[in-house]
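Okay, here we've got a single chain as structure tokens, the form predicted alone, with questions on binding and movement later.
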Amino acid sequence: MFTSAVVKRPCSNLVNGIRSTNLGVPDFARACRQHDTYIAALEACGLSVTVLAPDEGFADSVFIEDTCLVTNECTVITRPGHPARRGETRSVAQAMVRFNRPVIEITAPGTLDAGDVMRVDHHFYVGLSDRTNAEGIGQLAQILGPFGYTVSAIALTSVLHLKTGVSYLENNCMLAWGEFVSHPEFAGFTILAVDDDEAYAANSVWINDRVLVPEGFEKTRALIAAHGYDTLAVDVSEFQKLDGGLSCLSLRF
């Protein structure tokens, strides 16, 4: 069960964030309102939320998940794969000191976006992607190994991050889309297959027996609910324009 979350407020430079979609430029004022609602959703799931100030120097810094991975034993500060994002980690590392876990950093030439990291109990699946390289995955395995965790790499072919296409909903259940529906690494899990027209909703988030689902993806929400989960829809459409999903907007631990 999670008790805490950390989020970072969007900066006005958000409109210049990295994006590959054709969904248009995000509306900053609306993004701020959606971020408020997102924080309220985390609190509704029982989390105490720490809110970090915006950083105008980094347009994508609201997507805090990519910069940090938190376990009970340590905090791993990543080295983002996109050069423009690497400076984001400095303020996050400083902020995480308050949680009294050793802070360990991924170093060059390793790259690691934590959006590529999916935890299943004591195992971490890590996407080998344009943002996360083999060296970064190897360093993560070395960091986490002494604490009893294992790590394996999954080569990605069609998504930005691993959790763009698959989310672990606990109880041996995976929400998956595209290449992950029949991926051999997940053969032992119950797979909830997301339709192609709702692919964005594959990035849903389990928090303390509730599942946050992006608003407007009712087929996926119904699919999750049919398997016994309490769902909560959250509008993150402005962040979708920047390739960001529900998990990207917080650290949960």
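From a predicted model like this one, the values you see are computed outputs, not experimental measurements. One-based numbering along the sequence shown.
There is another form of this protein, the form predicted together with citrulline (CIR), and it is not shown here; the text below is about that form.
Chemist: So, in the predicted bound form, is residue 244 in contact with citrulline (CIR) at a 4.5 angstroms heavy atom limit?
Modeler: Although citrulline (CIR) is absent here, residue 244 would touch it in the predicted bound form, with heavy atoms inside 4.5 Å.
Chemist: Within a 4.5 Å heavy atom cut-off, is residue 183 in contact with citrulline (CIR) in the predicted bound form?
Modeler: Because no heavy atom of residue 183 falls inside 4.5 Å of citrulline (CIR) in the predicted bound form, the answer is no.
Chemist: Using heavy atoms and a 4.5 Å limit, would one call residue 18 a contact residue for citrulline (CIR) in the predicted bound form?
Modeler: Yes.
Chemist: Mark residue 173 yes when one of its heavy atoms lies within 4.5 Å of a heavy atom of citrulline (CIR) in the predicted bound form, and no otherwise.
Modeler: Looking in the predicted bound form, residue contacts with citrulline (CIR) do not include residue 173, since no heavy atom lies within 4.5 Å.
Chemist: Which of 212-220, 61-69, 47-55, 24-32 has heavy atoms within 4.5 Å of citrulline (CIR) in the predicted bound form?
Modeler: So the stretch in question is 61-69.
Chemist: Hey, with citrulline (CIR) in the predicted bound form, do 119, 207 and 252 all fall inside the 4.5 Å heavy atom range?
Modeler: No: none of 119, 207 and 252 comes within 4.5 Å of citrulline (CIR) in the predicted bound form.
Chemist: Looking at 144, 153, 160, 169 here, can you tell me which has any non-hydrogen atom within 4.5 angstroms of citrulline (CIR) in the predicted bound form?
Modeler: Only one option qualifies, and that one is 160.
Chemist: Note that citrulline (CIR) is not shown here; using its position in the predicted bound form, name the residues of 83-120 with a heavy atom within 4.5 Å of it, in sequence order.
Modeler: In sequence order, 85, 115 come within 4.5 Å of the partner.
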